[in-house]
Ligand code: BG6
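Form predicted on its own, single chain, as structure tokens, below.
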Amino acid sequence: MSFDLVLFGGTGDLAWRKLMPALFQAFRHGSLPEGGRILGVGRDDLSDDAYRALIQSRFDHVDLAKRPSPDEFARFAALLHFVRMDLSQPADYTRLAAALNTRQADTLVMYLATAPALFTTVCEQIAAVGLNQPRTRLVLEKPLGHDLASNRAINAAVCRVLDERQVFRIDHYLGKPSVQNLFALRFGNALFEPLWRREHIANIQITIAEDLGVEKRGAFYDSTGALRDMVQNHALQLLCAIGMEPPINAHADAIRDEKLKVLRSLKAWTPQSLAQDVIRGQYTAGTLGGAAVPGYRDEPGVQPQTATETFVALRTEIANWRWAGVPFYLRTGKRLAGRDARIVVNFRATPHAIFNAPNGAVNRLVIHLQPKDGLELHLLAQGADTRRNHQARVQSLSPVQLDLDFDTRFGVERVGAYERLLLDVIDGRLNLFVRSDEQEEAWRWVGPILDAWHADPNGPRPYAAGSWGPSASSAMIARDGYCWSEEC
């Protein structure tokens, strides 16, 4: 199957950090269909050879194991081409159409790795030059808009020129092997499903922590913030994977129908819950790994008096029969104490205690997403030292855990998130992509938070870089009698 992949923003940060390495890995693994072309689009005046040299130089910055040898890159580079375009100029789309129509590939993928403000323009112009064909697939990066109204406007523009099944709204977390294992854990095994409900689960915590700052993305991040960048998409998609009902099959719409039901069941915000259950923070100068790091307002591209949040923690509930009353805690932030993405499922204590157990010791399932990929099941067992006191009437239990490391079990060279998702786009598989109604529901839910912050003169709470965020985050979860997993 031949394909043309047009990468708008072909010289940008996302292209060289994520997309080109992913495409090369697919090429190296032999999973990229033969007969393909990759066309980078940008404003630079580059020849094909100059573009190939630029991409090759960028590979010096990726992980050593993912760098091509000179011979490998020479073969991969034969797929790479460059088209100079100003995305605001209709005449440039005519030249692009001419380049694509020279061979009429079976599949035409257009990947918009650009600012969301350009999405509507690009969609209108590709339709104007007749590139909105049945073979066309459009990939949209997040965040898709900055609120519900802008998201609807982009989706409306897209749907005027393409069918919904031709649109691939990408959330790279859904392509992670660990998230795929989350679906397998829930729906491929009979072990946990009987316990996966309010009667047995006390609370669920979702953490996406980064130790890095905004790096070179200061200007972008300052207009986005943690809520739009991480919660509205990644964190809510993980919540849906944990909270959804079993789909009737593994088809795309069956899965996405169930995720939509979760989003529609999220408890509505009230002025009281917005004040008590949503914490926003912004990192100040601190220390990470023994080195001093600057505060957010001192990062390049960030406005000196900005109120943009770099940390969000919140409490919510899924108001349905399975989950009513179970708190879900979501937390994400930059410049935190470590890089760690995990889901922690805390089970309820036994209804009647016949053993002595350490305070706070509960059964817990920890689903590691990054940097480790695996599962931990925390249990209680009788330790060897309990035999010494043979006259004790009540035996003592000690915490133990079962640890399954997927990298050790399956190898670290598994298909990466972007590699999997790009191959799915080429093949036309929608299972791991977000539907427009899902996205709109997520924006509708975060909207009241954005409105409340806009009206709040206090701004985000400061926290030192290298910590786990503002102390108010710990106080929020403590009101329910719980603690974040690293604090327990």
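Numbering starts at 1 and follows the sequence shown. Remember, it's a predicted structure, so these values are computed and weren't measured experimentally.
This protein has a second form, the form predicted together with the named molecule, left out of what is shown; the following refers to that one.
- Of the candidates Asp229, Glu299, Asp277, Asp373, Asp229 is the one whose heavy atoms come within 4.5 Å of the named molecule in the model of the complex; the others do not.
- Think of it this way: in the model of the complex, the named molecule has a heavy atom of just one of Lys142, Arg342, Arg315, Lys259 within 4.5 Å, and the residue is Lys142.
- The closest heavy atom approach of Arg348 to the named molecule in the model of the complex falls outside 4.5 Å.
- Using a 4.5 Å cutoff between non-hydrogen atoms, Tyr173 counts as a contact of the named molecule in the model of the complex.
- Although the partner is absent here, Lys334 sits close enough that one of its heavy atoms falls within 4.5 Å of the named molecule in the model of the complex.
- Interface residue remark: Glu210 is counted as part of the site for the named molecule in the model of the complex, having a heavy atom within 4.5 Å.
- With the named molecule left out of view, the stretch that reaches within 4.5 Å of it through heavy atoms in the model of the complex is, among 76 to 84, 247 to 255, 210 to 218, 306 to 314, 210 to 218.
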